[in-house]
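For reference, the chain that follows is the form predicted on its own, supplied as structure tokens.
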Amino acid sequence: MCLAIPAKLIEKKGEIGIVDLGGVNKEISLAFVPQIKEGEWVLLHTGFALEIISEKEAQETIELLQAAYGIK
């Protein structure tokens, strides 16, 4: 099973971005979403931002993942 998780873009340098994953920063590829702006949310899979999503959708997904894994 493949899982894409929400991440918030905090820094953009061309096709490379830094996202916040619940307090952990990770460098990712923005090649599939070159139009993204800092502060927007993406679905992240294997180091690639696949799709820009709304903050509402990101928060709903985070809540579902936290409930599924018993994380608060």
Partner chain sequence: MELNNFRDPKLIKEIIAELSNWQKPIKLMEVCGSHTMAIGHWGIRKLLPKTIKLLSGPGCPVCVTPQSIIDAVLQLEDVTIVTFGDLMRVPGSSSSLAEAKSQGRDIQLVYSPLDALKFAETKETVFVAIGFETTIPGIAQTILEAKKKNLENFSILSSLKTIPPALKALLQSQDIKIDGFILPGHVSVIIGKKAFSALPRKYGIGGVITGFEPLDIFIGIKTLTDQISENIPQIQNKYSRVVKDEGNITAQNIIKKVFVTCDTEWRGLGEIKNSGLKLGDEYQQFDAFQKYQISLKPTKEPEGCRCADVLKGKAIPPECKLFGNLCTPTNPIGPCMVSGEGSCAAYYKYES
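Residue numbers count along the first chain shown, from 1. What you are looking at is a predicted structure, and each value in this text was computed from that prediction instead of being measured.
Same protein, other form: the form predicted together with its partner chain, not shown, and the subject of what follows.
Indicate whether residue 9 is a 4.5 Å heavy atom neighbour of its partner chain in the predicted bound form. No, residue 9 is distant from the partner.
At the 4.5 Å heavy atom threshold, is residue 25 in contact with its partner chain in the predicted bound form? Residue 25: no, not in contact with its partner chain in the predicted bound form.
Even though its partner chain is not shown here, does residue 20 get within 4.5 Å of it in the predicted bound form, heavy atoms only? Answer no; every heavy atom of residue 20 is more than 4.5 Å from its partner chain in the predicted bound form.
Where, within 40-70, is there a heavy atom within 4.5 Å of its partner chain in the predicted bound form? Residue list please. Read in sequence order, the residues that approach its partner chain (within 4.5 Å, in the predicted bound form) are 41, 43, 44, 45, 46, 47, 48, 50, 51, 52, 53, 54, 55, 57, 58, 61, 62, 65, 66, 69.
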